[in-house]
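In the block that follows, a single chain appears as structure tokens, in the form predicted on its own.
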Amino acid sequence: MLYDEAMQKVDIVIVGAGLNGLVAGIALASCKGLSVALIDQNDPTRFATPNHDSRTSALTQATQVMLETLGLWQNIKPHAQPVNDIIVTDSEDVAARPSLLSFALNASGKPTLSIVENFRLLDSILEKAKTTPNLSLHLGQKLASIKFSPGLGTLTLADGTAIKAALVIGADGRNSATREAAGIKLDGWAYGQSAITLTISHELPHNGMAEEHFLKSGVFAILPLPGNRSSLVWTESHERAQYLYNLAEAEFLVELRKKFGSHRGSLAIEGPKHLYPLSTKLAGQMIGPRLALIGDAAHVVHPLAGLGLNLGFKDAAALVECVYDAASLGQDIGGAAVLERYARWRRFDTVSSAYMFDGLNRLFSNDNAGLKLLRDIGLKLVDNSSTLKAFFVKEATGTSGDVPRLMRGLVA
């Protein structure tokens, strides 16, 4: 729906038209007759290309259910690669990487995880947002100010337009302007690591196999994509990563084969590679007066498992449910009771996930012989225990804990 310049008051304003903000906007505008304005200083259309983003996400079963419930999955599914198996190794020797842990994820016939390129996700979800009733898009509109009062949030655009709402949702990433305007602190740490992401094609099929190789420099992940293609996440120290990133393609391929091995035959690079410094960041609070933070505005986690986007989608689904319930009862959708319910629901999950990913990275990203022995024994214990495997598979589905209705296929 095109922006109505006469509109000054809406129920909800979302700042940030990335994946989390778009999904939250579509969900909130689709039910209860709520009016939603979505603001972003950039036009996300130009980001929905492989030239901008070579990353992928591992979408859990719960996330897939949510996207299907919102009418989004049908356009995403053709670009999604179901993961049939995952193997985990802990060896620097590319010629001999014994599998310490393996999962057969979709024995039930329903994909537990699916790998999708982020730019394809953004393109599909953005197209849906453009045709969603009650959702007005203000793209390429810079924010001049954000103010919170006990009764309303007021956002003023650079052209002087003021938009007021009962609830403001900050989906504006790790450098969130909404979080800063609310005076919410951001804590965290850097790893001294950077990740190179890229897409490759290979001669032999992957058969839906995902690989997580834990090396002393960091994780080297091979994630299957449709066709004989895979997404790579190659973690190294900042200095080594920058050196590799700057290599010419032929030289880069030589270094890549040393890490990748020969099990997929010949390799070729598809599109550009990108470089991302890695860190963990946690907002001191997920809420403020008239404000709820979701996704990277609230938490940035290590991409070790490729599952970070699911945390943001779960934030959105939980917040949508809190707002739905309040609207159904005629309550203030941006009031303290609604926001506190959301914060209680999501705080433990996001913090515990951040520390779990951090702990795994620290455990594996070293060459301490004692730690290597302990982690190898631990992985083998899990591999030989059907009960422990079932627990980890349930975690991978995204169905553990208090799952929001949207992620169970229920609209309201």
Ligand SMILES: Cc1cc2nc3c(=O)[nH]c(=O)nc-3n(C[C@H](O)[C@H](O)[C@H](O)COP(=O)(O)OP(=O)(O)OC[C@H]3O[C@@H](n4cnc5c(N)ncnc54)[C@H](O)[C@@H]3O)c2cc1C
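Note that the coordinates shown come from a computational prediction; the quantities given were computed from them, not determined experimentally. Position 1 is the first residue in the sequence shown; the rest follow in order.
What follows is about the form predicted together with this ligand, which we do not show.
Using a 4.5 Å cutoff between non-hydrogen atoms, G25 does not count as a contact of this ligand in the predicted bound form.
Although the partner is absent here, N42 is a contact residue: one of its heavy atoms lies within 4.5 angstroms of this ligand in the predicted bound form. Contact annotation: G261 falls outside 4.5 Å of this ligand in the predicted bound form, judged by heavy atom distances. Residue contact with this ligand in the predicted bound form: T197 places a heavy atom within 4.5 Å of it. Of the stretches 263 to 271, 241 to 249, 309 to 317, 71 to 79, only 309 to 317 has residues with a heavy atom within 4.5 Å of this ligand in the predicted bound form. Of the residues given (T350, S30, Q61, S57), S57 alone sits with a heavy atom within 4.5 Å of this ligand in the predicted bound form.
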